[in-house]
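Here you get one chain, nothing else, as structure tokens; it is the form predicted alone.
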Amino acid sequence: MAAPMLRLCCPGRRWALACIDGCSRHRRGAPNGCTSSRRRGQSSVAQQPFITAQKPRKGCTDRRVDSVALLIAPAVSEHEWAAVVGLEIHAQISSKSKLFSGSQVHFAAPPNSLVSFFDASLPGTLPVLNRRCVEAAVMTGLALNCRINKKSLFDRKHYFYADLPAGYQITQQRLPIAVNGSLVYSFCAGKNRSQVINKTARVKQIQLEQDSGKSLHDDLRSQTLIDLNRAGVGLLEVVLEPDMSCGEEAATAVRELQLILQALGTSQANMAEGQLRVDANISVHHPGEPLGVRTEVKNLNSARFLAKAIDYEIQRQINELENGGEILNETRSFDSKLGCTIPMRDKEGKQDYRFMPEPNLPPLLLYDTESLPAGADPQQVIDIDRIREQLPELPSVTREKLVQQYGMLPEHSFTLLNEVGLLEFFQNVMKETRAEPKKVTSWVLNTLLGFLKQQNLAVSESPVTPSALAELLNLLDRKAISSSAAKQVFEELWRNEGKTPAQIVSEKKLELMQDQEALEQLCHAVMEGHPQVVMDVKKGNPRAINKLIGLVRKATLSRADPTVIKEILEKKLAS
């Protein structure tokens, strides 16, 4: 896949980064806080420009390049750069026990309370492969269009970290369980984010491996504590080829993978709990030349930080090279408070890991319908075709169905899936209301989601239930209340759990006026009280009637339907 172009110009000391066609572009003359200009028809993926011409943050320095140097480019002619980004994504498998031991898997358990003899690497202990983890790997591989290897091997990858008691990790370096797949992801672009752009990242391989423990650093006591609860937990490592070229592309791909894993049930993929961690490999080069030296940014635990880290690192490498420096093959970390990447250590090569076959595990053999031995015990073998039949509906299919079934905009389908629990909420409302899907979509995405974000609540924590919202929309649909009254009712539902919309409408006297004669008298009174406005309407000012409508609504305490009011006023003005 050809790498998109990055254009680098130097207007003195000011730089701006904008995304175009899924890649980064550096241009001359983009002011602070402004997006760069584009030709008509070109879409901008990044909604906010990445501006490096700002005061460097305190403490954000590089061991080779002063932070100020990152912001100042030499006065040279235009250069074009291409950025290349590949990802290694580690997803914790949803399993009751660890990959090679019977220890339970539970987040936030007391330190070192879920550690078996094997997890602690006591002499004489042997690994026993967890069937559930293998099935999760096969299902994930099938969902990502991978070829499942019927024979895969386990290897030892040697580290010497305090939180890895054995001194090595059991992984699959030589022959992983799945290879050669693809991850299709989409993002909304354009002025109103209404243009859907589809992209594909190749999946190099998916492998099973162990997680390490945790090192907890106590700065006050100048000591490091080790928690082995996580040691030995099963991981899926999904390796994506370097087919991405900016932070937003990478973040979108990871979010799509996260949704797929959650739909499959193979991983909860909760980044806040460390169940999904990303390593990004980043390099830049001139188009037509060999790829540049890459750096790896480790352990990114949110999509937002992933995008920021990649965009920062692309800019850092370009400025380093423009200033005559060189890029080292190293491992870096992202400091989210300072907004920059910082060096950790030189990047290890394969020879440093001293890979060797795992002597305590035989080859992992899988079968399909054709190769399944006759009379084989289903509990003793794993059938790839049987797992294929169990694949659930994937997020891309769900989005397409939402657009077709409810006629919603593609960007709305993305939002429904991206917010955990929001799609289920929407579907439950649709089951209980007679309102049009468009109106339900608007209330769920604008009103409900707005309240949730304002108070930083998850969908599951919403005080307004799907049934309550459905009842409210039914009242609105049969014109029992006005739109403004419906918003008042929603606010009351948000504040007062337990009350139904009908009860709130009755208590607050928010019902629409059904007495046509009384409404006509109010309209007549308003017209007599404001003769100048009436004259303006008759002189041909179309906006003047809106003032009359507002006055009538005020007199009815917003209990009258504006459409009905307008009809009555127009009839009286014409007579």
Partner chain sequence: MPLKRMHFQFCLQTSYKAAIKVSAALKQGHITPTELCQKCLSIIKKTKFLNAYITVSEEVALKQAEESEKRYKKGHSLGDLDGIPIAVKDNFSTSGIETTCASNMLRGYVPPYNATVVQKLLDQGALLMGKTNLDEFAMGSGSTDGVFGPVKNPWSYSKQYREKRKQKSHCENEDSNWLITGGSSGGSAAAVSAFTCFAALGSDTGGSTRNPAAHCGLVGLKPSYGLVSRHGLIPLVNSMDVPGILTRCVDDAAIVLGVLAGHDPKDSTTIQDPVKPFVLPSLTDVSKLCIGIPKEYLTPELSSEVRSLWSKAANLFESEGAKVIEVSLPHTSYSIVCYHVLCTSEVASNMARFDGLEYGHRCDIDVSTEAMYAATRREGFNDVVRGRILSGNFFLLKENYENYFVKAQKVRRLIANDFVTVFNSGVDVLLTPTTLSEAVPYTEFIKEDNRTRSAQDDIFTQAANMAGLPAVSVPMALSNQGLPIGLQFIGRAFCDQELLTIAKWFEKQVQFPVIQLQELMDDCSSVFENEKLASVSLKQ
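Numbering follows the first chain given and starts at 1. Please read all numbers here as calculations on a predicted model, not as lab measurements.
Below, we turn to the form predicted together with its partner chain, even though it does not appear here.
Its partner chain in the predicted complex comes within 4.5 Å of no heavy atom belonging to residue 466. Using a 4.5 angstroms limit between non-hydrogen atoms, residue 357 touches its partner chain in the predicted complex. Among heavy atoms of residue 127, some come within 4.5 Å of its partner chain in the predicted complex. Although the partner is absent here, residue 289 is not a contact residue: none of its heavy atoms lies within 4.5 angstroms of its partner chain in the predicted complex. Of the residues 122, 216, 391, 457, just one reaches its partner chain in the predicted complex with a heavy atom at 4.5 Å or closer; this is 122. For the options 242, 176, 165, 181, the residue carrying a heavy atom within 4.5 angstroms of its partner chain in the predicted complex is 165. Contact with its partner chain in the predicted complex, defined as any heavy atom within 4.5 Å, is confined among 166-174, 102-110, 329-337, 203-211 to 166-174.
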